[in-house]
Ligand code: ATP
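Have a look below at one chain only, the form predicted alone, in structure tokens format.
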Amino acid sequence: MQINEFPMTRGSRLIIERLRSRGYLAYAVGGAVRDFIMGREYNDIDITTNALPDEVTDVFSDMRVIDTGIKHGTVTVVSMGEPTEITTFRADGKYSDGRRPGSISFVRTLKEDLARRDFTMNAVCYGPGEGYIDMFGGIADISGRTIRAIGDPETRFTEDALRILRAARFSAQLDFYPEERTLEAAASCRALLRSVSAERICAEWMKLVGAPGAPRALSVFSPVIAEFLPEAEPVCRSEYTKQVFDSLGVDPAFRTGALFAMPVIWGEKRADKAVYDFRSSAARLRFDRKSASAGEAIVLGCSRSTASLRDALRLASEIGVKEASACLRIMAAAGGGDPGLAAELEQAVANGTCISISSLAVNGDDLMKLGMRGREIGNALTAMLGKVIDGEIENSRAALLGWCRKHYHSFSNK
């Protein structure tokens, strides 16, 4: 595999050159190097060195140095306006909680440092004037789009259980496939995920499910998904998941909601049970409020009968246009709806069709002038919106006020 020279930023190159001028080893390592080899865009460049943290601080005493994680050997140096993380070569002690080492020790050789990392693709280094250093076959695995644990995969996953989910996320993001031993170890060690915080699992899940290759990764890693999201795992293996996800775009909350909604569309699960399952899962994984609300709207919306544009408009008035459109696309892709209805809804809204109380040609002040008060105003506005959506009343001030005067007493008696 022919690889061009890794293009260091001015700031990161200066850091490496200065460390080397003081007699230390220093290399770019990790995701940025991997992504460049793949031809992907990359952001931050991480640097690994045999200089101890206090030695790094001394070397860059004329620059801003931040103690990012100094007890783990990491400091951040702001060079040429670029914040760059510099981590000392280290070896991890025994992992007691399945998430982080109980201790670390600083080492002086690059190989010892690279051997503690998760996957071969993340252990490729680059040194200016020296080229790529690949001690574990990472370049070949990048070329072959392979996720391979460094050393014994069960050991790597036992050290840090979150690596199991990172493997699934990398598979989805990079379109890589786990090699056999790594996949088998991920499945056999999946119970270790119980030791990982819900917040960390949620963060990895959202990146995974929102990635372009999510359908295949969810299927390949379905035993792992079953460990923390058992309610959705059966759908992860469905042949419909890819076309449903493709119809939605990459919104992770919508995609998660779709996994819970699809059994409702197929008549395999009651809507109330699907909503309960989603709420329970969202609470268990600590979804943020926005994601939980969006996902629940998808499950609720997909349980509604939407055979016509009027049905779609009513749905949009209740859960939002984006959410309703997503529901219509899910239902169509899953084999249970009109494939053109989402576009019709979007066009109708773009043309100014009224779907909200705020879009009515009258407001609460207008109804107060008719003598209405309190709850009856809200009841009247809601009723008029329904009539407008159904095409029974024109959305004009005259028509709405006329209808309201005619039905005023019915609202007063509610």
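This one's a predicted model, so the numbers in the text were calculated from it and none came from an experiment. Numbers for residues come from their place in the sequence shown, where the first is 1.
As for the form predicted together with adenosine-5'-triphosphate (ATP), it is not shown, yet the points below apply to it.
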**Asked** Could you tell me if Thr306 has a non-hydrogen atom within 4.5 Å of adenosine-5'-triphosphate (ATP) in the model of the complex?
**Response** no
**Request:** Would you check, heavy atoms only and a 4.5 Å threshold, whether Pro53 touches adenosine-5'-triphosphate (ATP) in the model of the complex?
**Result:** no
**Item:** adenosine-5'-triphosphate (ATP) contact in the model of the complex: Gly386, any heavy atom under 4.5 Å
**Value:** no
**Item:** Distance check, Phe254 to adenosine-5'-triphosphate (ATP) in the model of the complex, heavy atom within 4.5 Å
**Value:** no
**Item:** Site test, Glu268, Arg329 and Gly337 vs adenosine-5'-triphosphate (ATP) in the model of the complex, non-hydrogen atom cutoff 4.5 Å
**Value:** no
**Fill in**
Contact with adenosine-5'-triphosphate (ATP) in the model of the complex, heavy atom within 4.5 Å, among Arg314, Arg148, Arg116, Arg190 goes to Arg116
**Prompt:** Heavy atoms within 4.5 Å of adenosine-5'-triphosphate (ATP) in the model of the complex: which stretch among 131-139, 191-199, 158-166, 254-262?
**Reply:** 158-166
**Heavy atom contacts to adenosine-5'-triphosphate (ATP) in the model of the complex at 4.5 Å, residues of 22-53 in sequence order** = Gly30, Gly31, Arg34, Asp35, Asp46
